[in-house]
Each structure stands twice: as structure tokens, then as C-alpha cells.
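Single chain ahead, by itself, as C-alpha cells, in the form predicted on its own.
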């Protein structure tokens, strides 16, 4: 799967909802009910970060929930890519991009949303074929104002910004023409997960899924 083909698939996934939940799952028992709660609230695209020991098993469990599209976040190495694909991830997300990571996604046929934070990084990924990219860390790297500015000289690239985004500021991003969706963790608070309050998470998901976007 070429980078251009990966970006076409990534765009499809990003257009499923205005927000892609960024999930850190510490307890495997939370995986399936969390996926069910988020999907019920209108957020079908789920990014499970590979930051915990049970992350791959969580992807396996969530991939079985009807209506969901489960991806693996925090891909850093080719080994991460292979493990994520084997666990059932249908897309990958990385904080940055390396030649080895890109090659692994091509070899494994895993659509990648590669991370970029500067104009040069964005241009380098576009040159390879990635027209859909993750902007990370969004708030720390310049926020919505930066993405609005970068859209003038590089209109060919669309973004899913992630990092420090909340419900309050998400509209600042979603109102831009070069933003397909945003990534956020606020829809799955650790407290709600620990308490098993899946109804609260569904409510947060519904609120997020109702956010308007321009693209």
C-alpha cells in the first residue's frame, strides 16, 4: 500500500466523525465497553495508543465491536507496525515519521497517519505521498493559527491535529479548511473508565460527534 493509497484510506477514516478518541487503556476489561460507549455516541474511529502493556490486547477486543474502526497510535518502530496489524488495527498513527516506519506500513499494508510539526516535515511527507497527516503536538506546536497559516502555501495537505485539544478549542481547528478531524482524549476520562461510567462517556462522545466542521 503506497503512501498515497494510505492517505486516501486515512481521509475516509478521518471523515467518519469530527473527533477521533485518543485512548490510553490500562485495564483490558475496559476495552470492549469503552469501544461500545464511544461508537454509540457517534465516534466510530478509535485510536488505541501503544503506551500500556495491554494495548495490543485492547485493540484485539475493540476490533470485535460492530461499527468501529480501530487503529493503533504511538507507532514508533517497524515492530510496532507488525504487532498492531497482527492485533487487528486497521490504521496506524505516529507522533512523527521515519523512513523505516513508512516502509513498514507499506510492507504491512497499514494506512498510516504520520505525524509532522514543521513545514519541512509536512513537505517531506507530502513528497513521499502523504496528503493526510497528523499535526502533533498541536497546541504546543502552534495550534489552529499555525495550521491556518500553513494551509496557504501547502493547501494539498489535510490534517488531524492531536495534542492538548479540548472540547472548548476543538471548533477553532474544525473550522479550518485543511482540518478533517481532531484527535482528543477528553471523550474518555480516566475517572469515568475507572468507575465504569460508560453512559457518561457516551454522552461526551455525542457532544463531540455533534461538533461542526468545514471540511
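Just so it is clear, the model here is predicted, and its values are computed rather than measured. Positions refer to the first chain, counted from 1.
Although not depicted, the form predicted in complex with a small molecule is the subject of the following passage.
*Asks:* With the small molecule left out of view, choose which of 164, 189, 42, 175 has a non-hydrogen atom within 4.5 angstroms of it in the predicted complex.
*Replies:* Exactly one listed residue reaches within 4.5 Å, namely 164.
*Asks:* Report the residue, out of 22, 193, 17, 204, that has at least one non-hydrogen atom within 4.5 angstroms of the small molecule in the predicted complex.
*Replies:* Checked against the cut-off, the match is 22.
*Asks:* For the chain shown here without its partner, which stretch in 81-89, 96-104, 114-122, 130-138 has non-hydrogen atoms within 4.5 angstroms of the small molecule in the predicted complex?
*Replies:* It is 130-138 that comes within 4.5 Å of the partner.
*Asks:* At the 4.5 Å heavy atom threshold, is residue 51 in contact with the small molecule in the predicted complex?
*Replies:* Output for residue 51 is yes: heavy atoms within 4.5 Å of the small molecule.
*Asks:* Classify residue 158 as contacting or not contacting the small molecule in the predicted complex by the rule of any non-hydrogen atom within 4.5 angstroms, answering yes or no.
*Replies:* Heavy-atom contact with the small molecule at 4.5 Å: absent for residue 158.
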